[in-house]
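One chain comes next, on its own, written out as structure tokens in the form predicted alone.
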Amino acid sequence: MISFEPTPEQDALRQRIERFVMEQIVPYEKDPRNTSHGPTEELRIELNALARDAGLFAPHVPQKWGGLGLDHVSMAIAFEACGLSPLGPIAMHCAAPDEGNMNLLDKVATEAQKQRWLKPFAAGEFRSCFSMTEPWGAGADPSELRTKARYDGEDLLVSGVKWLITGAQGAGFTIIFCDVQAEGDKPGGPTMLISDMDADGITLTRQLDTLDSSFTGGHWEVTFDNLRIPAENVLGEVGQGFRYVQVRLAPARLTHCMRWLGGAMRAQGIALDYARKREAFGKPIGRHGEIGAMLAENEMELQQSRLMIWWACALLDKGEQGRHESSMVKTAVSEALFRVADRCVQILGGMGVTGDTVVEQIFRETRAFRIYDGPSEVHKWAISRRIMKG
């Protein structure tokens, strides 16, 4: 059976989150602590407290770790609502990279690792980062790992450089994707490791200036210099990193789509309100054909994006991996939402390129989204390979 209607419970949750975000979170968008490198840690903690009080903290986290335990379709509805403000996901503790890391730890970590990292992390006691992308190595092609780990007894020593590491400043821990060098009967290969961020051997070498500005801690270049990782801090098994990357990335592609869909909906609402009020050549600009056509195109692409997200989420809820489907959704939705944001800037005219509305930021965020979690070109290449194989 196919349904395009949320359940009464899902719709009630959507309304609660929309009211919470628009009434309590949107006023913080002009807060000086919401900087060009993202909201400060102080602001994050303050927003988290508001979400806790509203009963909306960590909607994606299993109930055993203190979250709402939503399925993927329910998450799609909730995350779209929280994405109405760039600060919404921060407040509700479901922003990237934290949301993806919580999912990964819940599915792969040992019980001891969950108690040490996931339990306080899910409670918002600290943030995380995911160290995969490299300046000249792993990124859209994670097989090009240049960050290496060698054995030193039972421990591993990690050396290499990562960059565009979101949230690195102020994070409590990081998950490191690296290439372990086999030694004797000790296995090697792509591996995920966990480390506290204040460990000796980790240096934040450079903060990057980027188009987007919605992530706490900004984006950083991080150097690992003989960082010691005890054997008990291997996430999963040595050599199984590619398998775990897919555990993390397929759902994370969809949650990116959910959050930025909310942002694009907000931009459309602002543009529509402006088109109703702003007059030119004797009538509201929305009554002129070109502007009306842009609004109509936005409306169609927003609904198409929503339905694609729900479709892929329903597959995940049935237990399917969704790798192929999430690639299609991520590509189609990121491209569509950028077109929506671009049209909204155009409709607003001069106001659209200023910070007088949040549309300018949403435009920047959705432009970056076309690259994050795999550029559209790489996803199209992967999709074509799969369909050519039949």
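So that there is no doubt, residue numbering starts at 1 and follows the sequence shown. Please read these numbers as outputs of a predicted model, since none were measured by experiment.
Not on display, but discussed next: the form predicted together with a small molecule.
Using heavy atoms and a 4.5 Å cut-off, decide whether 29, 265 and 366 all contact the small molecule in the predicted bound form.
Looking in the predicted bound form, the three residues 29, 265 and 366 all stay beyond 4.5 Å of the small molecule (heavy atoms).
Heavy atoms within 4.5 Å of the small molecule in the predicted bound form: which stretch among 137 to 145, 221 to 229, 85 to 93, 312 to 320?
Selected range: 137 to 145.
Do residue 22 and the small molecule come within 4.5 Å of each other in the predicted bound form, heavy atoms counted?
No, residue 22 sits far enough from the small molecule in the predicted bound form that none of its heavy atoms falls within 4.5 Å.
With a 4.5 Å heavy atom cut-off, would you call residue 133 a contact of the small molecule in the predicted bound form?
Yes, contact at 4.5 Å.
Check whether residue 191 has any heavy atom within 4.5 Å of a heavy atom of the small molecule in the predicted bound form, and answer yes or no.
No, residue 191 stays farther than 4.5 Å from the small molecule in the predicted bound form.
Exercise: residue 212 in contact with the small molecule in the predicted bound form, heavy atom 4.5 Å:
Judged by the heavy-atom cut-off of 4.5 Å, residue 212 is in contact with the small molecule in the predicted bound form.
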